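Below sits a lone chain in structure tokens, taken as the form predicted on its own.
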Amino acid sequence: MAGRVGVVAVAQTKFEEKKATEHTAELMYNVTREVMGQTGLEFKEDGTGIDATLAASYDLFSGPAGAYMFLGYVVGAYRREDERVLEDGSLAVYYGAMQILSGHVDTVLLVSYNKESSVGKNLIEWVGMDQIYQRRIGLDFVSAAGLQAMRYTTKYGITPEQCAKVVVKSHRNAANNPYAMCCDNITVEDVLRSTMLCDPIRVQEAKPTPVDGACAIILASEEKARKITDKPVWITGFGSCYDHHELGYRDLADCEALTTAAQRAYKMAGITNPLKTFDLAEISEQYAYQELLWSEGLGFCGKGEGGKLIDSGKTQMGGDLPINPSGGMLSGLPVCVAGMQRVAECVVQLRGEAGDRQVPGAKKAVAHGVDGPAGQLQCVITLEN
């Protein structure tokens, strides 16, 4: 990587089932003003301020088309380079880093926001399916996940108890996270007794819906980052990969797109053994089985060994590689926002500012974002302090 990109500030809202009193513009304003306040950066004409803005969101969730139009108004971002990512927030971090590495800008303000409470999540995801064949039978991201979960657990013998352990771990970790929505003291038995959502996925094994919230990050070139803060966190590698949209064209028991994205990020960062390299991982898992499957794609274990990994205790707090110390998506995060918030959580950990959820001595971390049916789009970002 020519030069380095530093994360100089992060901010996030409290994630709640419904932020009925906050307009989308207020969500953006509150989180961007907080992150700008941490650095003292504003939008100036003399080259000392923020050079560009970049947002990740889904207009269909926001209600009015072009909800992003509020950002410039509420934060004063006029006459600046302005970009948009209609995907998961991790892609905004990826794109922002490339903007800086290109040499065209030195500082980028990123924001990702979503009010899932504005409209039915399943309806929006149904619109994302093929309109000729898949929409006609009602296929959406939940039913696609059900197909993937069935294929994965059947092919590799993943047990319901192993998936339930992911939920228990996530909620336990979330109890130490003031931003998390769900942090109840749930047990494996509670999970297994919960209502079936889409066989074999139970209600407790899916991320809560709806969830409202936002996240913001400021990226800077290495020279600028060192002037802005004495605790920059460096992006050392990133990679992304799209898989085939048609579910029947890929083996849903494996996640080749994630494997490819991870390999690209690890090659850039010079990482050969991710399980021993990282001190923590923040993974985007909308469903419990995905933490196990994504762990395989990220190289933490071999194919089909995600269940053994959770059984080993290595991914617990205090284990070799804590996964989702924040509680993850299963504790309540909006789609689209989740990937950027994964990066923000890694930054907080690497700066030693995670409070009760802190992983002692954390030096290197990996953040993961996902989008599309059954993990069609995968993004991996590695960071270190």
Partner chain sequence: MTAEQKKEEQPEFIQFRYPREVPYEHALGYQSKFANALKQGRIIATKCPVCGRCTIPPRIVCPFHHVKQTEWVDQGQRGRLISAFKINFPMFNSRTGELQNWENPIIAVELEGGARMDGWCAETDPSKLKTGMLLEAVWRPEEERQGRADDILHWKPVEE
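Everything numeric here is computed off the predicted structure, so don't read it as measured data. Numbering follows the first chain given and starts at 1.
Form predicted together with the partner chain: not shown, discussed below.
In the predicted bound form, residue 180 stays away from the partner chain, with no heavy atom inside 4.5 Å. In the predicted bound form, residue 16 stays away from the partner chain, with no heavy atom inside 4.5 Å. Using a 4.5 angstroms threshold between heavy atoms, residue 363 stays clear of the partner chain in the predicted bound form. The partner chain in the predicted bound form is not approached by residue 11, whose heavy atoms all lie more than 4.5 angstroms from it. For the candidate set 207, 121, 115, 169, a heavy atom within 4.5 Å of the partner chain in the predicted bound form is found for exactly one residue, namely 115. For the options 317, 52, 36, 354, the residue carrying a heavy atom within 4.5 angstroms of the partner chain in the predicted bound form is 36. Comment: 23-31 is the region of 332-340, 319-327, 23-31, 345-353 lying near the partner chain in the predicted bound form, near meaning a non-hydrogen atom within 4.5 Å. Taking the partner chain as positioned in the predicted bound form, the residues of 124-142 that bring a heavy atom within 4.5 Å of it are, in sequence order, 124, 126, 131, 132, 135, 136.
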